[in-house]
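As structure tokens, one chain now follows by itself in the form predicted alone.
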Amino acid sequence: MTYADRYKAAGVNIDEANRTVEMMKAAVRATHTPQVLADVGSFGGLYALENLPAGPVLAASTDGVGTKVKLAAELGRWQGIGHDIVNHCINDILVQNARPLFFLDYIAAGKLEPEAVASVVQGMAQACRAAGCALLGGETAEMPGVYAEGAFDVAGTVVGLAARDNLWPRQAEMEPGDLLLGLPSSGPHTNGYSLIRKTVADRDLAQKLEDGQTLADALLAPHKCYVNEIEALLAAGIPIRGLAHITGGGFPDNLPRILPESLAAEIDTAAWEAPPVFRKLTEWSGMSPAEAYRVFNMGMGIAAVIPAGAESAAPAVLPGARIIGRLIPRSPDKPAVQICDLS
């Protein structure tokens, strides 16, 4: 018995791992720019730092897709998961006004399915190319005994670049009356899926929602990347004083992360209609609307703090954007984020 045969008998198939790498090479190489100095398969990725701004700052973020990956596995729809992990990480450094340089991924499973892994990586590569980011490297691990049969996990790290004088949030510039500009999400993104899976466990995922999407399509829509939208706002001269990525914890947990202690946020739920998938999830789960705004993004994936008076230009730049609230003085007896219907 050869070494490879013994390893295979223990649950790890080296040949399948090598086949997986071969299947993803073209997609990974397609993201490489002249700054990438090492090919796929090198021990470490190499990225040349060029054209640095004054006071260069590296920004980095690591995250996972959570249990959305389990829903994707059940439906055999893998490519969107690749978009999810890249875009989630990019948004997390975008809110500090950093732009992505390169991305690294980690995929682990009890047993590797080369086609599934390659599909995830192809999705990552597509998302990286759209954001001008190199997929610099990663790791694919087959770990029988650690992951259950059929279990699959995806994580990633992005490294980006910012100018120190241009970092967000600009808390010293924020003041009562500043507005919150909401940028629409593509769905639940990558948050709340343990609750979502429990909520839809006995429901027909092929059923149509009010907007014509199937429930499966609405739940597996990839996490949206906001680099282009933010660049468009800046190009139009709309000042941004801060950005919040509305992820796990919704508005109540994410907006306070960018606000000074003297200010609170007032969210007007009448300013936009939550998409059908959120309305259904709220109804089916039995949670109150207030709870829903802490679990889900409710149709808004980014909240940007802009000065009062700048709101008139935003709809022309981004037609889907909405003024969803404002900053108010913070009271010690009230929460930092107040969800209310101001209609």
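Because the structure is a prediction, the values reported are computed rather than measured. Start at 1 with the first residue shown and count on from there.
As for the form predicted in complex with another copy of the chain, it is not shown, yet the points below apply to it.
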Is there a heavy atom of T199 no more than 4.5 Å from a heavy atom of another copy of the chain in the predicted bound form?
-> no
Give a yes or no for V69: in the predicted bound form, does one of its heavy atoms lie within 4.5 Å of a heavy atom belonging to another copy of the chain?
-> yes
Indicate whether another copy of the chain has at least one heavy atom within 4.5 Å of a heavy atom of E113 in the predicted bound form.
-> no
Report yes if any heavy atom of K208 sits within 4.5 Å of a heavy atom of another copy of the chain in the predicted bound form; otherwise report no.
-> no
Looking in the predicted bound form, is another copy of the chain within 4.5 Å of a heavy atom from each of D178, D268 and S288?
-> no
Within 4.5 Å of another copy of the chain in the predicted bound form, heavy atoms considered, which of A134, L183, L243, A264?
-> L243
Here the chain is shown alone; which of I230, C225, A118, V95 has a heavy atom within 4.5 Å of another copy of the chain in the predicted bound form?
-> V95
Interface stretch in the predicted bound form with another copy of the chain - options 54-62, 292-300, 279-287, 313-321, non-hydrogen atom within 4.5 Å = 54-62
Going by heavy atoms, what in 290-315 lies within 4.5 angstroms of another copy of the chain in the predicted bound form?
-> none
